[in-house]
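Okay, so here's just one chain, in structure tokens, the form predicted alone.
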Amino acid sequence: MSVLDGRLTALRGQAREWAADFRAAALELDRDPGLVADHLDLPGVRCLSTFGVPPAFQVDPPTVGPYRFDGTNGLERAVVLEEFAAGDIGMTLAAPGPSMSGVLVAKLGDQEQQEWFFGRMTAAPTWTCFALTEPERGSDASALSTALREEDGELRLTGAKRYVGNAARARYAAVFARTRPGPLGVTAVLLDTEAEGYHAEPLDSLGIRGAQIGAVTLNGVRVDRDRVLGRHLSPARRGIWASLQVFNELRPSVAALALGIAGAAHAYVREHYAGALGEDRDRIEVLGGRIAATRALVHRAAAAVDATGDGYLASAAKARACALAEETTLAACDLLGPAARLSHPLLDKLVRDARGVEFMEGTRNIQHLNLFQGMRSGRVGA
């Protein structure tokens, strides 16, 4: 059963319309991620540039008919991101905006920090990045080695981050670091990436090239004390706790991105193999039914996160949607016959992008472990 009301259904229809622009630019952005700067006037890109800014800081929030949207709850994000990813996940993730950093700032920032960060998001299209993952430690916040230390009366940040979306084009970065050993020693700071000692460069990638995933080196970057997020909170309410809360909130969004890729591949094979008969036709219909069922799961998971902050069901949604994206894109290639990836460049891109989503916000094994914990504790399937 759908959990979408008339307001969200209207949002979904508008996002689908905007996503057509994303599809038209998908292959050129895949070849040259720098071209995103030429698409800042697209309605969908403008929407993403402030999507996630809380109402108190919104200047001109996106509207659809009589409805206003700000992208600060999981269900809104899931609805929009599925449609945008069906257009092109590269453009979706390449767009400027608060993105993951916005969720962190909304959760951890005090009034001044939120005004500082979100004021910049509404003043002009601004890229941000969320730097948690490290070269040897992945996204395990408890194992961070990036250090925030006091030197000569100033806070200095030293370390390295990897696989950070938009790292090289971001003007502001939310960076996780450690102030001391132990789980309470993890904190997050906001950086102006023009600060001395910050260096970021894109990494070669096969999928989701538009996001220009990159590596960051932090060589004694000076951090203003008022840019330490959660400074007004106890250590137990920031750091690892905060990273887990952000991941819980965003997990349905990643599932929606994967679902969008699956939907795009399904629509592609239906268009280019419209005369399918017999087993092939049945196979295409079954894929369509699985996409609809997974959409219902993603929406339920997003609603659960909005209501309780609980991310167990979202782990199920993320794992299933990512598996479905890979299965659907590969099935589309199989149905379109030998050399399909060579003769259908957009389908080839969808195959590469589907594999990329698997590595966003925890792989399938991590999601299965989280889901197991939810089932064991009675939080899922009760």
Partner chain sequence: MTATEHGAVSVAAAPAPSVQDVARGEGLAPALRLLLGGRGAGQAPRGRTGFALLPEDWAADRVVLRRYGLPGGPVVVVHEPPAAPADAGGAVDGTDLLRLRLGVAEGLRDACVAHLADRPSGESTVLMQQMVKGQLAEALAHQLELSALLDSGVPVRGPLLRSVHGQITRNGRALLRLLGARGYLADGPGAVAEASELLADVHGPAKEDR
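The structure displayed is predicted, hence computed values, not measured ones. Residue numbers count along the first chain shown, from 1.
The form predicted together with the partner chain is left out here; the points below concern that form.
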| query | finding |
| --- | --- |
| 4.5 Å heavy atom contact, Arg23 and the partner chain in the model of the complex | no |
| Contact flag, Arg68 vs the partner chain in the model of the complex, heavy atom cut 4.5 Å | no |
| Contact test in the model of the complex: Glu358 vs the partner chain, heavy atoms, 4.5 Å | yes |
| The partner chain contact in the model of the complex: Leu203, any heavy atom under 4.5 Å | yes |
| Partner-proximal stretch of 129 to 137, 291 to 299, 91 to 99, 106 to 114 relative to the partner chain in the model of the complex, 4.5 angstroms, heavy atom | 129 to 137 |
| Three-residue site Tyr172, Glu249 and Ala316 fully in contact with the partner chain in the model of the complex at 4.5 Å by heavy atom | no |
| Contact residue in the model of the complex, chosen from His39, Arg320, Arg46, Arg341 - any heavy atom within 4.5 Å of the partner chain | Arg341 |
| Partner contacts for 267 to 286, taking the partner chain in the model of the complex and a 4.5 Å heavy atom cut-off | Tyr273, Asp280 |
